[in-house]
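One chain follows as structure tokens, the form predicted on its own.
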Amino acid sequence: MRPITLLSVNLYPLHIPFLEPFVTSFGEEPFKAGILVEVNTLEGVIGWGESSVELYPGYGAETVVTGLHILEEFLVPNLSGVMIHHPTDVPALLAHVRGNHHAKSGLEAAIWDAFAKANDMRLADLFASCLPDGHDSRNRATVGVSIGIMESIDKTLEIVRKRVGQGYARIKLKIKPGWDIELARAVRAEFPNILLMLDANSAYTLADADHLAQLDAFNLLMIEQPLGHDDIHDHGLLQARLNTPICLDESVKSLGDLKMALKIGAIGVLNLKPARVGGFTESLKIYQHCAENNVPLWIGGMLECGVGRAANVAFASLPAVTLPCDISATDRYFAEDISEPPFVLNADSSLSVPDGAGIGVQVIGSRVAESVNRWAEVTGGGEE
């Protein structure tokens, strides 16, 4: 494959209004925040990636402000003028910075996009070329939808009806103590046959095991990350007391974490978020381990804009991704995204992989500028 040489990197803070508020156990996301990464190459190719950082250190430790700092001061300077023979070489070039997976993932994703474009390949096909035979893209990703914590069970049921009516094949409900058993009971009573899962975002402790065991009555696909965001051990103890599979999210930040969780029986399903593990190179290693060990796998989302969504759809189209993913259609989140075309839900609850080279979507410069201006307005120019 043809290598690329990196000339410059531009960073744009994101502020994209949501159509609906999104509330989890650690608070409300007032708007879509993040960092858009633009890579320019000597070959005249532009690559785009998204660092899925947030306003506050809730889901993870990184924020937009820390992400911009790490990228500008430590990551981007190390890549200036570097020739990239393959995107899987990038993590070694960033290894001098510990952690900061979300910031790194956006930069790496932009390089994956540029490399795919330079070689006239779809990103999905570039991913498949890194895997053994039999892992070609299916050209679409089966998806579900995530519903945040609402003001009432009745309001939640109203939203579930809407999403089921739109054709989503799997419903995920955010839960927290006091917003769990009765919620699941009400939704399951009205929708006895839908694929239903719950996501706790680390809102419980092992002392809640008997309480969580009540959820076994509702035929759930899984319970996602019920215990500590950095815990594997106690999830193993909890899984032994539940019939419902535990899905790990925040706890698995590397292939090593996954291997440990499997060894002690702490995981039944994996939610793989490429941003959480540092990018697509590590994601491919995790994907292959899941494929080889028959670990049920799906791709999670960080409420990405069209750039991050396109890359995730490409990855989620790989065949060992066996469960519906948290990569909903564009109109689930935004009235206007920063890229075109929007992602539209197909009749089979899937999103199609774009046909073009790289991520296959076109970033709209005027919308990026508007996003940056909105960010400046609410942050006073980006300072905290």
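Residue positions are given as counts along the sequence shown, with the first one as 1. Predicted model, so just to flag it, every value in this text is computed and none were measured.
Keep in mind that the form predicted in complex with a small molecule is not shown, yet the notes after this line are about it.
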**Q.** Listed range touching the small molecule, judged in the predicted complex by heavy atoms within 4.5 Å, from 51-59, 353-361, 339-347, 38-46
**A.** 51-59
(Q) Just to confirm, with a 4.5 Å cut-off on non-hydrogen atoms, which of E282, E304, D231, D180 contacts the small molecule in the predicted complex? (A) E304
Q. Is every one of K172, D326 and Y333 within 4.5 Å of the small molecule in the predicted complex, counting heavy atoms?
A. yes
Q: Evaluate K273 for contact with the small molecule in the predicted complex, applying a 4.5 angstroms cut-off between non-hydrogen atoms, and reply yes or no.
A: yes
Q: Verify the contact flag for E224: yes if a non-hydrogen atom of it lies within 4.5 Å of a non-hydrogen atom of the small molecule in the predicted complex, no if not.
A: yes
Q) Is there a heavy atom of Y12 no more than 4.5 Å from a heavy atom of the small molecule in the predicted complex? A) no
Q. Taking the shortest heavy atom distance, is W375 within 4.5 Å of the small molecule in the predicted complex?
A. no
